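We've got the same protein chain twice here, in two forms, each standing alone as structure tokens: structure 1 and structure 2.
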Structure 1
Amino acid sequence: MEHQQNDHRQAPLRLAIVGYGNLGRGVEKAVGKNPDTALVGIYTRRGPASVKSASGVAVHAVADLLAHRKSIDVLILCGGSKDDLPVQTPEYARHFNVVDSFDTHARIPEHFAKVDAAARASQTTALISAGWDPGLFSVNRVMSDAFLPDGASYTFWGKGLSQGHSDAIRHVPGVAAGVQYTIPVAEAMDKARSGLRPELSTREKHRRECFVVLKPGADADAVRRAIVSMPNYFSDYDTTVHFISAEVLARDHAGMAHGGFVIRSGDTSDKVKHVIEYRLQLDSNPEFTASVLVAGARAVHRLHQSGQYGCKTMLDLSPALLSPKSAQELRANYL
């Protein structure tokens, strides 16, 4: 293992991107921040001639992937969890080491099983559900649970834009455009940190704030009522709806900031309590996720080189596997 952790001094890790949206662009930037990696190609289902990469790296059709197999160490799959990754990850794992950010929590076991079967059959290594949630938040949920087994865990998200809730708003009659922010409630976070293990309801933990552009002639009050009463998405929350112009929406609500908190409190003996808190504040959800994917690709390559095939998650990765630094350097300067 220690030998492998030095191998970037010889040759960079050769990465390729499949799918060139926000996440793919983020991976391209992350490669620029990681000198032990190199981007060898971007693969798209669009006509490659119509796509120009920010870094100038070559853009190819996905149909060319297999022919380029020998020049790629790890493929980073940047498609969506709904339609792309359930098909792509098992398929590409038959030929490549792969990393994805599959984030439909309820379907992870099913996705894992498919990718694991493909990777084991082909002796490749796959990392699924990398990113920050699932991903770093999962790592912190598992570790804090292991260190404080007698305790309670809380995950708070935000402030950040929820794509699913924004989509739900846009389907309300009378809405031309809109976004939704998930906002953690400060009082609930303080209770979680108190070590008293409160039961916190959905409504107590998060509130929802919507910024909506109405269609001409739409009834603002009807739209507001349709949003705040929407089951699953809004009815269990305190929801605020603001009506704004298309110009203000474009100017003030195009950011992709996100973040959140994982808090666990627990006791090691009678009245002796402890709190572990992990917090992310992200200017760009896709760029940070992409940065985690690139570190994950490094771990995948090392696992593959040491003969560890099959599907992994971030729960299977040690910190040293993710780091570009040698084991000796980590022990001397980071431990």
Structure 2
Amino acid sequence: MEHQQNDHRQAPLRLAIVGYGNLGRGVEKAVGKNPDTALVGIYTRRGPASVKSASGVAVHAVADLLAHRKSIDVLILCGGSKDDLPVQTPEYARHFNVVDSFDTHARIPEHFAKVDAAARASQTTALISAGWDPGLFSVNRVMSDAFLPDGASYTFWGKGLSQGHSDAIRHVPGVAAGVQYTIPVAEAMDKARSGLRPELSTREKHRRECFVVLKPGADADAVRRAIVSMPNYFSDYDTTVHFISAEVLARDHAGMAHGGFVIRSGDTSDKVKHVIEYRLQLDSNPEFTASVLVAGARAVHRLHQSGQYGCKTMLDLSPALLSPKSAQELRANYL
């Protein structure tokens, strides 16, 4: 099916943001780079009067969402994966087309099932785990495996600040603020690129480094134990926790650069080896993730218009669904 992409006679895709943190502000910037989209509202759990949007778009309370249902084509959910999205995405999928960046890999099947049930029951369309990993790296892993079936794949993240892991730290009792850096182990990356298919454990591939500001009176040892033993986030890694002041956090850890690599090596015949490597180098993790979410919202709207309801992931989307360009333009200039 060819989609009527970049048809300037059509009204812009109407997007709304739930949650105005780093990711929500990134979505606001991404909309400004996509002329076929328009931001129609920001929805917050804070008092709307206390939130001023950079673009001047109206800020509303989340309680007002259902009243504005008919003016929103796709809702972009910008909450955290630990506590927000597992509740918000299935809830809002009952009323809206939605996109989220849920990034707890081990819980994606569970999250998918809940969102899919809600979306199918209400004939809406949802895209979960849209970002770069899960997301773009997921697509690359699947494609590389298909092209080199006799091979092995490796994913390395960082060095960079992880939004999801930083959010998880901030939910630990006694933590006032904090960030976490994911750091790939150089020796492990060299082994992956060698084509020799090494077996690398989770702990061998990455280490995690946390910088934490404690609340007054908090037990540092208890906080450290809670972080390093947290399942799905830190328990499988060598994790270092540093306790610092709020001033040092603001001075030295305000940047949000990230990135990583997907590497697959494989053989197509005896002694004929190949290595596929895909890299992202990001100045701003939330701004790049937000750009993927906006492209994903475009795909969700098109799928919904064609009657394809339920939950999707990036693995279900064609590149043409994500692009604002017409099928004719894509064939002429990108194929």
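One-based numbering along structure 1's sequence throughout. Rigid core here is just the name for the largest C-alpha set that superposes within 1.5 Å across the two forms. Note that the structure is predicted; figures quoted are calculated from it, not measured.
Undergrad: These are two forms of one chain. I'd like to know which is the form predicted in complex with another copy of the chain.
TA: Structure 1 is the matching one, since it is the form predicted in complex with another copy of the chain.
Undergrad: Using a rigid core superposition, assess whether F234 undergoes a CA shift of 2 Å or more between the two structures.
TA: After core superposition, the displacement of the F234 C-alpha between the two structures reaches the 2 Å mark, so yes.
Undergrad: Align both forms on the core first, then report whether V262 has a C-alpha shift of 2 Å or more between the two structures.
TA: No, the C-alpha position differs by under 2 Å between the two structures.
Undergrad: Align on the rigid core first; then say whether the Cα of V172 has moved by at least 2 Å between the two structures.
TA: True for V172: a C-alpha shift of 2 Å or more.
Undergrad: Using a rigid core fit, what is the CA shift at A246 between the two structures, in angstrom?
TA: A246 C-alpha displacement between the two structures, core-aligned: 6.8 Å.
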